[in-house]
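Just the one chain here, laid out as structure tokens, in the form predicted on its own.
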């Protein structure tokens, strides 16, 4: 057992799993464990355990795990130079893998290779990435010296307008036109780094802003991939370990979270993906929606069961994914909060939204809620809260999806993406209405109300809301919103 390998930690009885569990959950507060984690063997074991766990969670691409491994090894070798490591690995990642969506690399190669035929395909993005870094530096300097006041005061709006102009150009110009390629390349770089650069610009306004080279390392930090930005440089400077003991505790927390991520992934893979759907052949939610739309609905019990199974599987899968990323960041020496914290224990809709995908919610709050809350309806508190929530949960939510889809429209056409956008607007609208109702009208449960009214009913209501909401949560347009709405109402015996 690991406990017996750590000096000063008493042996835990193999016959008492509860004692083992308590020891494991408190390991990052155990003085003996923290002391062991500062030794060279302890550091080696923790890094090996994390990397082994990541390889067993195939949510992350192998190439991405390799980059993370290099970054972690450098952070381990040079613990006092973590920010420099972050800068170097972040800029390398940005120059070689700048985009968030896989198809964009295929489109990019079609356009960029004829422009720079002398470069290997693997390096074709480097010159364009360097040009975009010049744009990023110009945006940062403009904030310092205010050459263009609008871009300095409203940087996200300024970049969004540029993105809309570039997207319009790719739609109007034929692909053979000489301006199509530079317009599309500029668009895909802007949309891929939109919120990462937004956080850099937001932090650049603070008095304790990081040096510019550190800021540029956050254009695509080494942990970025499918996840939205996890705050900016200032957030990570505050979370950075300040002592060897802090670093050891952060690494222990990271490995502990990685193990939990592995447990969640195996639960999803073996329990839901293989057992329920493959062995037991229980139909998936989207398949049932398609069958219902074609006039062959399953029984009501099966339809409700699919909703429950899909919801639990989604929560577990997303938990595994975000915990794995946060674990890597913690082992690197930045003890940031978890990305998901017991969402099923939420008693209100607003609380679930904050617990489920914490960093996505934080991004919408930072860029949409706070600016709106500070600017509008200051004399009307309830309207002020509702409007700011609308700006974040609806406007920001839809824009996040829309911005990343912009480059695909030029190649795949707009019809499918407009259908997907309409579907996502319906989902975001229902979500926003639920959050606003939760903030302004839902009464806060109290312990004195008793177990049922305090713990059971509020949680059941929240879970039911989000389980039903997932039926219309789709921006791919693989299943039309009308079919999803018909399935949703059909759960209650109403046929549209």
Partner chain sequence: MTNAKLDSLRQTISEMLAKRGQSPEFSDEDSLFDSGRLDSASAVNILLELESAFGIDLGDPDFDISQIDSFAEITQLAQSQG
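Numbering follows the first chain given and starts at 1. If you're wondering where the values come from, they're calculated on a predicted model, not measured in any experiment.
Below, we refer to the form predicted together with the partner chain, which is not included among the displayed structures.
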Practice problem: With heavy atoms only and a cut-off of 4.5 Å, decide whether residue 370 touches the partner chain in the model of the complex. | Solution: yes
Quiz item: Does the partner chain come within 4.5 Å of any heavy atom of residue 361 in the model of the complex?
Solution: yes
Quiz item: Taking heavy atoms and a 4.5 Å cut-off, does residue 235 contact the partner chain in the model of the complex?
Solution: yes
Practice problem: Flag residue 273 as yes or no: does it have a non-hydrogen atom within 4.5 angstroms of any non-hydrogen atom of the partner chain in the model of the complex? | Solution: no
Exercise. Let me know the one among 211, 182, 337, 79 whose heavy atoms come within 4.5 Å of the partner chain in the model of the complex, would you?
Key: 337
Practice problem: Just give me the single entry in 313, 224, 202, 111 that has a non-hydrogen atom within 4.5 angstroms of the partner chain in the model of the complex. | Solution: 202
Practice problem: Report whether all of 97, 220 and 412 sit within 4.5 Å of the partner chain in the model of the complex, measuring from non-hydrogen atoms. | Solution: no
Exercise. Name the stretch, out of 376-384, 69-77, 280-288, 85-93, where some heavy atom lies within 4.5 Å of the partner chain in the model of the complex.
Key: 376-384
